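First, one chain by itself in structure tokens, the form predicted alone.
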Amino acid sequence: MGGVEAEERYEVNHQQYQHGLTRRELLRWMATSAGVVCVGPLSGCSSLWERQPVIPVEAWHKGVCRFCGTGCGIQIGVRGGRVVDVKGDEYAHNKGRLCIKGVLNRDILYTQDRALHPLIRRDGELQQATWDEAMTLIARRFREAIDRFGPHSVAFYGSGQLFTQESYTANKLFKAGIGTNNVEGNPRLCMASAAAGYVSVFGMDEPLGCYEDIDAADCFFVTGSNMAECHPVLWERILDRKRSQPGTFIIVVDPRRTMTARHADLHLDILPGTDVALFNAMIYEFILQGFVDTDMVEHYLTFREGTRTRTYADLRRHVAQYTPERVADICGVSARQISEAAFRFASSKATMSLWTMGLNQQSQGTAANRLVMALHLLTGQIGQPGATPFSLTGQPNAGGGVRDTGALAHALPNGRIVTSPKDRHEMEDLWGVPRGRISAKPGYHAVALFEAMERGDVKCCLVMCTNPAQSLPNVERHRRAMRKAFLVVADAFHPTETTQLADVVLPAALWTEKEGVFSQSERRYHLVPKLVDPPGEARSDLKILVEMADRLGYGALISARNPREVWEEWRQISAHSKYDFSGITYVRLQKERGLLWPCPSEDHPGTCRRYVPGEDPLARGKGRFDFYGRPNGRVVIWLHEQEQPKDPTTDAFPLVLTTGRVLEHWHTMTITGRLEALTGIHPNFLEIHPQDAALLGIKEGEEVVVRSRRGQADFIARLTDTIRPGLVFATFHSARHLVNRATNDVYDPFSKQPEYKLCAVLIDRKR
């Protein structure tokens, strides 16, 4: 299908924007810009647009996209001290392609509402202040809380958008300096279940494979991810594989018929939250059809159920209750579809699974992650080109900046945990602080942190580069909590939903206004250079943290004070772990298009596939695999039961609400909502199946109210059969149409990640 025809179909079925540019007009506008653009689902993911420069460029510089975890390489054009254009880097993994948001990197520095000066709340209003006034107030309030109520009365809440140097420094300041593990961030909301899955199965976090696996896979199992809109450049690479090898089979598991699902050879539109049952049924089929790799079972696998050791025979008995026929009723798909998905997955020469928030943001998110990994381990679909379980990240640095640095409440750098005396002592020695300095008590995870503010247990919190007053579930409760604490917010923009609640707002530099390292989904560390100066009095987050350390009396601890110094300290710390990337020097980052860890020496090229002797420099075993993250060299298959929904439907709340994203916007629209090209593309809609709309008397374009047990939000009805009857869908992008007033803050017991994908609601016409 041609690009224009596919875009017309998409716009007819899905476009109801009220003002400004439509998606078609956006395409025409982009055709006047520079570079090569993969326009994603707007053209059926098959069209590339050649563009011409708008403003002459004086110099091009190698960099990385500011947005999602794909980490596309870009060339950044600078003229007169301003970024004037960007284009895809043809030598990077994305081979010159960019999505719409990638192209708009050129505009993000120059939008309205940039935060320019420090602000302090006086007489109930945020008023301009000097940096000295702001930092003096912050230091005084934090010091008062620490001295009077102890170190656990203060907290840091960061982001997968901070540079690695910034998250690492914040983690070190709070855990080794102040002495509290109250270090959290928005990755808990998006990637915690994937991290918990990898760690509990392999003993180490982060994906095993790399993007090159896409080019070798014969089967793609895309579950809980709308890649065509959320990771469009990677999705285009999958379609490249399909075009070059037409026999390639694409399975998509998603309750909605998304643009990703429309390209599927097999689409399983399961009921939300029934993934565990589906995966158990696939394992049942593997056993029944003889697809289990006996060598894996004998030499590389162990089995557990909760705290109990189990056997392969126990697994067989466990999945016997999950026949496709029984699971068909649980999941809402046919037994034949389940059997075919299992057959295609196991019989392929190389199967690659890809997933993101659809699995992670569930109360059984960790269980679902573990079982996807079990699908690969039981069939031997692992450790070879094209065969890997691959979790996608939503933010540009959630992996390297937060998961690797241990900048979460339970964690320490390089896979260490705060409850382990050995791990604490290692980090105390590496950080040069006395034994016992790092608390053995895990800090508050994200939801618990704001509950602690609500109780008054956390008195002060520094929020950096994120917008929790919009992104948290059941958000009105947590907004009230933020008003009770002394809240400091460092952000590149004001106002946001969070800066409006702050006692102090600090203007932060954005993207190429500062220098730092990102790491994306395939463990690739790469450098973002500082190319232009920030506006007004804005400063880098690293500079803010260093000054805070000085004013609180921890300046000697934070001895690395610029991006290069912090990176050098951080990479040397990695050498003392199995996350070793000490060979990724700053010189190499400046020269190369990123490097994948493990990378233990300066002449090492980086590692595509972990745990494979001969490929992974840390895998020194003699067999097929060396799972060195586990003490006995055996990874874990976990037995899980499908649980009932935590927020079940009733007569009072008969529909299920799920949330997601659209191509053009990102997260809470703090950046993209201010871009001129996107101001008319406002995701104000609620997708409703026509059958449900008819029963409720709702017409296309009508204003509707979504009500849950917690709160309500307003939307515009969009009637579409791309969604199942009984299910409604909204994005979480809009502050005006804030779905998180209704979402549930129940969380996965293992990862502590909240459940955004499933809550019971009632839909009414707005009166």
Ligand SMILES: Nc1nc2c(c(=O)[nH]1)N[C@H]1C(S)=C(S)[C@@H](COP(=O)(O)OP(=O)(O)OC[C@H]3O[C@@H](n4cnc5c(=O)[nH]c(N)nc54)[C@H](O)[C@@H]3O)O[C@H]1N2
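Given the structure is predicted, the values throughout are model-derived calculations rather than measurements. Don't overthink the numbering: it's just position in the shown sequence, from 1.
Not on display, but discussed next: the form predicted together with this ligand.
**Q** Could you spot which one of 356, 165, 521, 351 gets a heavy atom to within 4.5 Å of this ligand in the predicted bound form?
**A** Selected residue: 356.
**Q** Considering 444, 345, 493, 567, which brings a non-hydrogen atom within 4.5 Å of this ligand in the predicted bound form?
**A** Filtering the options by heavy-atom distance leaves 493.
**Q** Quick one: in the predicted bound form, does every one of 209, 215 and 609 get a heavy atom within 4.5 Å of this ligand?
**A** No, the whole trio is out of contact, none within 4.5 Å by any heavy atom.
**Q** Which is the contacting stretch out of 330-338, 663-671, 553-561, 131-139, given heavy atoms within 4.5 Å of this ligand in the predicted bound form?
**A** Single hit among the candidates: 663-671.
**Q** Is residue 369 part of the interface with this ligand in the predicted bound form - any heavy atom within 4.5 Å?
**A** No, residue 369 stays farther than 4.5 Å from this ligand in the predicted bound form.
**Q** So in the predicted bound form, does residue 190 come within 4.5 Å of this ligand, heavy atom to heavy atom?
**A** Judged by the heavy-atom cut-off of 4.5 Å, residue 190 is in contact with this ligand in the predicted bound form.
**Q** When the contact criterion is heavy atoms within 4.5 Å, does residue 752 count as touching this ligand in the predicted bound form?
**A** Close contact is absent here: in the predicted bound form, residue 752 is far from this ligand, nothing within 4.5 Å, heavy atoms only.
**Q** For residue 403, is any heavy atom within 4.5 Å of this ligand in the predicted bound form, or not?
**A** Flag for residue 403 set to no.
**Q** Just to make sure I understand: among 455-493, which residues lie within 4.5 Å of this ligand in the predicted bound form, judging by heavy atoms?
**A** Those in contact are 464, 465, 466, 467, 468, 471, 490, 491, 492, 493.
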